[in-house]
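Take a look at this single chain, the form predicted alone, given in structure tokens.
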């Protein structure tokens, strides 16, 4: 797909958004009673479910135990019906393993693991419907699930995928844009302090464009953090009303 098709002369994208506009984010917390924390999040047409268990005693090999902080275990998977092509191995493939590792690195930078030595925190994320920005949507959903579990974090950790078309950074790419040969990067940010938790690039990008892309990603992440903050505040209000009754 040519770059011209991804961004019109009037500055509009395939789905009608402006270049820096993020897809609509909708989320709910506490969707599973059995888990310590859970959240469901939609970002455009990409939908994810995140579940958190812990902190709990280490399971499996004791050699993995850290005496000064908690071990974070992340598992990413995609539902077999999440894409137009049915997936034979929704988890356990190379891409899922890589995504699980990226999520682990992201949340190790955000969760205050030092408060829970010799313990484990499990974060499970499943993509129910995929339309681009899977990593970003998983991070945003998992952030809400970790907060729902009552696990202290240094800050919200928000993520966004950005691309570069016709000298213009595009925020929050959809699948058509991601598969259109756009140079892109995914960034996870702790917005209050401006700390980057993870920066991932799958394709080559000219050095001159890197700074503009990172700046666009950080602005988009800060916008997402405001939405997540509203979701958390609304959830707290609902819970306090229920307990008052």
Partner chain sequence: MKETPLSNCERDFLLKAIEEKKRLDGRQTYDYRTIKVTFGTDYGCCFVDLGKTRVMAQVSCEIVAPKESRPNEGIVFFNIELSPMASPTFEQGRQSELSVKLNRQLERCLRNSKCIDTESLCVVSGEKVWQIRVDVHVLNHDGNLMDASSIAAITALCHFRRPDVSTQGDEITVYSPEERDPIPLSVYHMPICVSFSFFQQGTYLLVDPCEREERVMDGLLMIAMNKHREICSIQSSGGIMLLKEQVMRCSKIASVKVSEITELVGKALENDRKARKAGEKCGFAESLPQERITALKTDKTPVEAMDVTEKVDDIIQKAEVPPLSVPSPSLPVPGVGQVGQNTWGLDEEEEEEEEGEEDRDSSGEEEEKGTKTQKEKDKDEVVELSDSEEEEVVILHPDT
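Treat the numbers as computed from the prediction; the structure is a model and nothing was measured. Positions refer to the first chain, counted from 1.
The same protein also exists as the form predicted in complex with its partner chain; that form is not shown, yet it is the one meant from here on.
Check your understanding: At the 4.5 Å heavy atom threshold, is residue 211 in contact with its partner chain in the predicted complex?
Key -> Close contact exists here: in the predicted complex, residue 211 approaches its partner chain to within 4.5 Å, heavy atoms only.
Review point. Is there a heavy atom of residue 195 no more than 4.5 Å from a heavy atom of its partner chain in the predicted complex?
Key: Contact check for residue 195: yes, within 4.5 Å of its partner chain in the predicted complex.
Check your understanding: Quick one: is residue 83 in contact with its partner chain in the predicted complex, heavy atoms, 4.5 Å cut-off?
Key -> Although its partner chain is absent here, residue 83 would stay clear of it in the predicted complex, with no heavy atoms inside 4.5 Å.
Review point. Contact between residue 105 and its partner chain in the predicted complex at 4.5 Å, heavy atoms?
Key: Heavy-atom contact with its partner chain at 4.5 Å: present for residue 105.
Point to revise | Per-stretch contact check against its partner chain in the predicted complex, the hit in 94-102, 166-174, 75-83, 124-132 (non-hydrogen atom, 4.5 angstroms) | key: Correct option: 94-102.
Practice item. Run the contact test on 190, 199 and 204 with a 4.5 Å heavy atom cut-off to its partner chain in the predicted complex and return yes or no. Key: Each of the three qualifies.
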